[in-house]
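This document starts with one chain, in the form predicted alone, laid out as structure tokens.
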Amino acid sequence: MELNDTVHAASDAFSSWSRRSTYDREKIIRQATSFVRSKADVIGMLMAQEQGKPLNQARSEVIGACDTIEYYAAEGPRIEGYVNPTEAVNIRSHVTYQPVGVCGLITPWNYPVSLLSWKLGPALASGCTVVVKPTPVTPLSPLTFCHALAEGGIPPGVINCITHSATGAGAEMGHLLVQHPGINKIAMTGSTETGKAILAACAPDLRRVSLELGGHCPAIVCADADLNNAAKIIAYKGFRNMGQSCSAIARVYAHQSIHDELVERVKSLAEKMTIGDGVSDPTVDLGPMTTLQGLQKVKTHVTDALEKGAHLVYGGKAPEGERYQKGFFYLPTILTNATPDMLTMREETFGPVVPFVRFDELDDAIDQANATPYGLVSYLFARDQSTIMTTSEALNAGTICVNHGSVNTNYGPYEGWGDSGFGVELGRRAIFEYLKIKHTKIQF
């Protein structure tokens, strides 16, 4: 279907979908997600095949996406207006919210269904209709997810998908979608560079935009931290999904008194991680990286770090064995003696690489953690409550995880500071990204 026809279908459906009561929409959405849950194995298999993550993790992503959409379906009836006191007894002031209209949703390949649900959930619950454009790298799982929602009861035209232009260029279609006059809002997860281009393209029409962009997330491990817990979280957030996550731990600042022990504990966990084809063995911890380009970037960053004096503790190459000859496999990699001039300390590696830096004074660690244009997530491991509070307040990031790695929760707002985003996803307030404020003042 051509883009114009797709946008028109969404626009036509908007008039009826937006007029339904929020309770009616919630009922329809829950019915649809119930059907999608029955297709989690099918959608998860597609994701594992096209993205590379193990099947068990892909299946869990589909279920989690349904949870997110249902969370926002329940938030729909909680969209509350209010009445203002006024200057005269014959004047009334009412504030209400209405859906923004047709939304263009542009989604990435690292979590192709989960990150779609962050946008689709509040859009549907608020009464918007959508045009979804998944990345050409992983189109099958999000397209099948959307199809299952429609098959489960979402009315025709409410969810529409388009993948590429007549020339087959997915990026070109994204550009056309962003500039289409029938689109009232764009929501995108992707690189900071792409996000800034989208924001510039939407500026002339003052079109609404929300962006979840890149990160270069630091972790500070204090002397009093629970090292078993810290090592577990660093390994999990540094290597899961082959480090292909905006919220991955990208650099660790460890107090000198516990640095060596922490590194050894993370190494021990990395050595135990299983790597393989996550389709034939759904239980492996790590699959291959998704793209050759991503693998090449990882190799470049590791080589650059070693040439500049980093010490390779573990990894730094593909795993050995015939079964790893096909696929973009790479061992979880640990580096020490990292310095600010290394690429992996300045740029988003987006791969399974965790560099370590020693620190003596906490203020110095905070300064180094904040020395980046990104501000997505910062991690802190400490026991002292005063340290936890003051350091959390000092770290420049929209999300601070203290002694855990559960970054994304439906109830918690996820806002990127600086080059990491524009607007908010997740949390109750995210639904207002898809709503317009209306003030009605009546004199009688």
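Each residue number is its position in the shown sequence, starting from 1. Source: prediction; values computed, not measured.
Here the subject shifts to the form predicted together with nicotinamide-adenine-dinucleotide, a form of this protein not shown in this document.
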Exercise. Quick one: from 78, 92, 175, 147, grab the residue that has a heavy atom within 4.5 Å of nicotinamide-adenine-dinucleotide in the model of the complex.
Key: 175
Quiz prompt | Listed residue that, although nicotinamide-adenine-dinucleotide is not shown, lies within 4.5 Å of it in the model of the complex (heavy atoms), from 254, 115, 250, 334 | solution = 115
Quiz item: 136, 190 and 246: each with a heavy atom within 4.5 Å of nicotinamide-adenine-dinucleotide in the model of the complex?
Solution: yes
Quiz item: Does nicotinamide-adenine-dinucleotide get within 4.5 angstroms of any non-hydrogen atom of residue 213 in the model of the complex?
Solution: yes
Quiz item: Should residue 302 be classed as touching nicotinamide-adenine-dinucleotide in the model of the complex when contacts are defined as heavy atoms within 4.5 Å?
Solution: no
Quiz item: Wondering, does residue 58 line up within 4.5 Å of nicotinamide-adenine-dinucleotide in the model of the complex on heavy atoms?
Solution: no
Quiz item: residue 160 near nicotinamide-adenine-dinucleotide in the model of the complex, any heavy atom under 4.5 Å?
Solution: no
Practice problem: Just one of 311 to 319, 150 to 158, 347 to 355, 80 to 88 has residues with a heavy atom within 4.5 Å of nicotinamide-adenine-dinucleotide in the model of the complex, so point it out. | Solution: 347 to 355
Practice problem: At a 4.5 angstroms cut-off on non-hydrogen atoms, which residues of 89 to 110 are near nicotinamide-adenine-dinucleotide in the model of the complex? List them in order. | Solution: 106, 107, 108, 109, 110
